[in-house]
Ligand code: GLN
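Below you will find one chain, with nothing else, as structure tokens; this is the form predicted alone, and questions on how it binds or moves follow later.
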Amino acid sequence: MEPLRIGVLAVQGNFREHAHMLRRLGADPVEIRKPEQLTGLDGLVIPGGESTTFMRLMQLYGLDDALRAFDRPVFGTCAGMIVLDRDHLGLVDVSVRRNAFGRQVASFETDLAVAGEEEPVRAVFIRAPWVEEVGPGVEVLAEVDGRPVLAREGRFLVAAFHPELTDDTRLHERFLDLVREELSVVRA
């Protein structure tokens, strides 16, 4: 069976760390910098970085419209969650507050109870956002202090933290399972 071809938006941010994690799990990560590179992908990761810079660069290269048209599963982490929200690309029915946990000096790590996981997931929060409001179709999978930090809506998985900065592969595995699930529906 062919490895899953997973794009990692590589205009800015932690794209190398996501690619490394995906490679560890047997996927074929592809760095994406232009809209035409989205063709033939099974899924896409939008990494952490700086959301304003992401949006500017995506608009400059035409990636914003290409991402709106992309019909495969997407995993957005930190800034990636922000750009997917209602106020940016409008692909996930959440409203996100940037830097909600504070500035760089307020960055932290914690163990998260995640729906469907028996053991806590180690989460690294760096100038992290949180979800202020979720739409009716959004499933909240983890919270910190009552604030959603991990959620799923259909083919979208979003995290306010950086799972690529730990050795724990479970959230990337969950995303790859989502990709396989979507592929089986498409091929059926």
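Start at 1 and count along the sequence shown; that's the residue number. Nothing here was measured: the structure is a model prediction, and the numbers come from that model.
Here the subject shifts to the form predicted in complex with the named molecule, a form of this protein not shown in this document.
Remark: residue 126 counts among the residues lining the named molecule in the predicted complex, judged by a heavy atom distance of 4.5 Å or less. Under a 4.5 angstroms non-hydrogen atom cutoff, the named molecule in the predicted complex lacks residue 42 among its neighbouring residues.
In the predicted complex, residue 50 approaches the named molecule with a heavy atom inside 4.5 Å. Among residues of the shown chain, residue 82 is one whose heavy atoms approach the named molecule to within 4.5 Å in the predicted complex. In short, of 55-63, 150-158, 42-50, 23-31 it is 42-50 that has heavy atoms within 4.5 Å of the named molecule in the predicted complex. Along 128-143, no residue reaches a heavy atom to within 4.5 Å of the named molecule in the predicted complex.
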